[in-house]
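Just one chain follows, in the form predicted alone, and it is written as C-alpha cells.
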Amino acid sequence: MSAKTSLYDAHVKLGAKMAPFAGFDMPIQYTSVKDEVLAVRNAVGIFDVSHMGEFFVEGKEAISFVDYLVTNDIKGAEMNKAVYSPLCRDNGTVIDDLIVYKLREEKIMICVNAANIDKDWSWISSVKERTHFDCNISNRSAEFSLLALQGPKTEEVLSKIGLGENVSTIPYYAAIETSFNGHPVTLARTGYTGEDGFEIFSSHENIAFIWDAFMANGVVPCGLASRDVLRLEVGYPLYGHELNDDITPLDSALKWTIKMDKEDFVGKAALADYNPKLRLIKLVMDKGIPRPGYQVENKEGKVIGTIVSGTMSVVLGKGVALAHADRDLFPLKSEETDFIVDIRGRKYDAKYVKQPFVTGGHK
C-alpha cells in the first residue's frame, strides 16, 4: 500500500490525477501536462515533492564525513551552498544522486531520491560505521514535507506571502535557514526544471500553510508528469534512467561532479582507473515520440545505443530524448549528427545535439 504525503487530501480536493510513485500516492497531473509546463516556464508553478528523503549529518566532522561520502567537493564549497553529487559505491557505481546542503559548520542536510531512501540510508550508515569521523547521522525523512516552487515569478510570490527575507540576494544553489508562521524552514534556491525557483523544507503542518498561501496567490499546482518533461527539456538526469546501480557517473556526463583532486572519497580509486563504456547523448526528433528502451541506430542501421529518457517537448513541439550510446560506436569527436530511433519497428530520424533542448531561466 502506498504512503501519502501530508498534502494528499489537498491534491485530491483539487482534482489531481493520483498514482503510485516511489512508494507514495503522488499527483501526476492536475489539468494538462502542457498547461503545467508552460506555467513553470512562463510564470510560476508548485510541486509537492514531500516523498523525497532528508538525512542530517551533525557534529565536529560533519563536513569532512560528507566530503568523503560523495564525489563532489563539500569542504571547498562556501557555507550555505547546495552541492549536487552522485553517491557512489567503492567500485564507482552510482547508488543515487543527491543534493548536499551545507547549512552550518556542524550541520549538513542531504536530500535523496524517494525510491532510494532505504538503500541510501543503509549505505551511508555502513560508511559511517567503517570510518571514524566525529559526527552523528540521522534519517529524518518522515519529519519533513517539501515543496518546489519553480518559475520566473518565484521571487514575486515568495515576497507576497512573506517567506524568506531578501530572497533576491540568495544565489543559485544556495540555502538558508529561516522561518514561516513560527516554524523553521530551510529555503534553497534549487530545483529540477531549469527555471528559477526554491525548494522549501518544513514540518508537515507548516507546509500545509505554505501550500494554501501559494494557492491563494494564483500559483499553478503541477504534477510529476510535467516535472519529468521540464527536467528532460533542460537535460537533467533522473535516477533509474540516466543513472543506475550498474554504471558510474563517468558513463552519464557527470565527470564535472567527480573531484579527483580531493584527498579521498568513496569510489575514488575505482573511478581513477575506470574507462567509461557509455556516453550520454541528446537527440531531437521532428516526428515520433521517443521512449525509454527504444534502440538508437546510425545511418548504416547499426545499433549504437538505447534511449533512457524520452518525451514530447512542450516548448519545442518535438520529441526529445537522452540516450546511452556505446562510446566506441559514438566517439567524442564524431561529426555525425543524423541517427535513427526504432519505435516499434518503424524508423524515425533523430538529430544529435550538444546543448540542452531548452535553455532554462535559473539565476
Partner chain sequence: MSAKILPNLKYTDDHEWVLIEGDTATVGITDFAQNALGDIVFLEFPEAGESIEKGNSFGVVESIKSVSDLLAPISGEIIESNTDLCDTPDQVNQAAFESWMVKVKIADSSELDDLMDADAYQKHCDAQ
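Every value quoted in this text rests on a predicted model; they were computed, and no experiment measured them. Residue numbers count along the first chain shown, from 1.
Heads up, the form predicted in complex with the partner chain isn't pictured, but that's what we're talking about next.
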{"item": "Contact check for V112, W123 and H324 against the partner chain in the predicted bound form, heavy atom at 4.5 Å", "value": "no"}
{"item": "Partner-proximal stretch of 308 to 316, 41 to 49, 59 to 67, 295 to 303 relative to the partner chain in the predicted bound form, 4.5 angstroms, heavy atom", "value": "308 to 316"}
{"item": "Contact of T337 with the partner chain in the predicted bound form (heavy atom, 4.5 Å)", "value": "no"}
{"item": "Non-hydrogen atom contact A253 with the partner chain in the predicted bound form at 4.5 angstroms", "value": "no"}
{"item": "The partner chain contact at V229 in the predicted bound form, heavy atom, 4.5 Å", "value": "yes"}
{"item": "4.5 angstroms heavy atom contact with the partner chain in the predicted bound form for I289", "value": "yes"}
{"item": "Residues in 4 to 31 with any heavy atom within 4.5 Å of the partner chain in the predicted bound form", "value": "K17, Q29"}
